[in-house]
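Just the one chain here, laid out as structure tokens, in the form predicted alone.
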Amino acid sequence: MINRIIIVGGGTAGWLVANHLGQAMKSRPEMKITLIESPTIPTIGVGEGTVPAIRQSLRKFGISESDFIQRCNVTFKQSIKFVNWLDKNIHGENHYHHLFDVPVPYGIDLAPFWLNQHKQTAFADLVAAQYQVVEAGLAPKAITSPEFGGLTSYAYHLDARKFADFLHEHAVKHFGINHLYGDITDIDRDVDGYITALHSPQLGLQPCDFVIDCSGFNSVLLGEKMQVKFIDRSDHLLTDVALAVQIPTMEHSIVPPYTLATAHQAGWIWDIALTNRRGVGLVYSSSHMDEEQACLKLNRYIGGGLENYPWRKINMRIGRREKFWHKNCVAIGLSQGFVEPLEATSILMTDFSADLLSKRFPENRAALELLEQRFNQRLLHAWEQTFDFIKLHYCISDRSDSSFWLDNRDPATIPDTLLQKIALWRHHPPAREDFFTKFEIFDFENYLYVLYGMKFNTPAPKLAPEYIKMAAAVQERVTLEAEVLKQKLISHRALLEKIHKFGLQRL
């Protein structure tokens, strides 16, 4: 029987796993879950963006959204606003939104309608009322909205360290997770290769039936001890370094309700606004820009004074493990793999993996082999599809101002699976049938926003008169809905101040 579970590593990954498993195992009181966290290895602590799926997890854990917002310096995220991902000489200063509301209003795909008659309008503006909401700097809900409910779809920006502490407190208090501090230096395995115990100089021998490796880039268990290979993907995704800094902001400054992602000649810059500071990070390819150039660019972006703030250099190892579950060890978080943070992929993949594991957690060894195969199959698809989606942002850009952008359009740097999709979509608009599993991390709707935000050239299909009439009526409803929302919703910061003062309606 599998009764002793050890999670190795804390931070957002470890404590997300602890909450997912703790919630799922409430009916199995014989199961003991322990999280062992290193007292010497700091967490990365810069994963500050999420996607809407995190709301489902927090609600499942029994967390109060009001408490979460108040404790973790949370702001709302309704979109990623991409700036200058296209050639400025052709398009001028340009931007587009990857919104969280689906671009299929009232169940009608308006992409063919946009391709035929309305390409002068921003795609996101035509298909979703949320475009006007985010451009006006408005919140996604009202103070009278219930917790986790909104008038538009949303996720969060947050303080990563406060979030990990918040999840830690909840897991210990509500799910009885045992928390220990210690380094893991070795493992014991039986004749079949299953881990039976972990060695720690601070804690001694820790017997276990199942282990989850949340030890970060080092992947101490699955990678180092179990020797599961790392599959490097830096030949497809060229950015490999990030310089991260936190900049204080004025007390009443505007808080954009989106992540800002501004492209430069060798990568892009993230800009995430919390209530009291901005988290800014310059992501770049070290083959196309050196560190001195990167520092100068980051300094210019923040308006000077970089030397006054502590900043960090993060070397990003782009790729994934050959598999993610081996014997009785599962890797989740950075130990599983890493894709650069363009679409908040780190917390997304961690949450997805932890949820999947919790829904099919083995009761005994007899189930391990089958569950391992299922988990690896699903996660392999999710990772490969994520690599494709992130690469899409680069390879369909028409920027030609540097070798970085030219290299990203070289077919040798584009996965075959993505090349096939792009070739298809040069003849036919994307269809839901192009995404055929329940495990699409980025789905039909996500591709529409990026493809047509980037002005991807799909031929306009022939439209039936009935569709044109229906699409025009739906688009008019979108326009009216946007006007209604702009009247109902208040500014992003104003809502955050109300939540800190009064809280939201409890579920």
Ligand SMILES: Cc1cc2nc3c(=O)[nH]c(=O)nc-3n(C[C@H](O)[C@H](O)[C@H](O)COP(=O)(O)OP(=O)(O)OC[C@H]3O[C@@H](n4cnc5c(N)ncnc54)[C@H](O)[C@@H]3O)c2cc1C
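Don't overthink the numbering: it's just position in the shown sequence, from 1. Small disclaimer: the values here were computed from a predicted structure and weren't measured.
The form predicted together with this ligand exists for this protein as well; it is not shown, and the discussion that follows is about that form.
- Though this ligand is absent from this view, in the predicted bound form it lies within 4.5 Å of a heavy atom of just one residue from A263, V245, A344, L238, which is A344.
- The single contact residue among P140, G333, G267, P103, judged by any heavy atom lying within 4.5 Å of this ligand in the predicted bound form, is G333.
- If you check this ligand in the predicted bound form, you find no heavy atom from any of A111, Q385 and Y447 within 4.5 Å.
- A residue is said to contact a partner when one of its heavy atoms sits within 4.5 Å of a partner heavy atom; I41 meets this definition for this ligand in the predicted bound form.
- In the predicted bound form, this ligand lies farther than 4.5 Å from every heavy atom of N19.
- Although the partner is absent here, G216 is a contact residue: one of its heavy atoms lies within 4.5 angstroms of this ligand in the predicted bound form.
- At a distance threshold of 4.5 angstroms between non-hydrogen atoms, Y194 is out of contact with this ligand in the predicted bound form.
- Residues within 4.5 angstroms of this ligand in the predicted bound form, judged by any non-hydrogen atom, belong to 182-190 and to none of the other stretches in 182-190, 91-99, 402-410, 376-384.
- Contacts between 1-27 and this ligand, taken as any heavy atom within 4.5 Å in the predicted bound form, involve V8, G9, G10, G11, T12, A13, G14.
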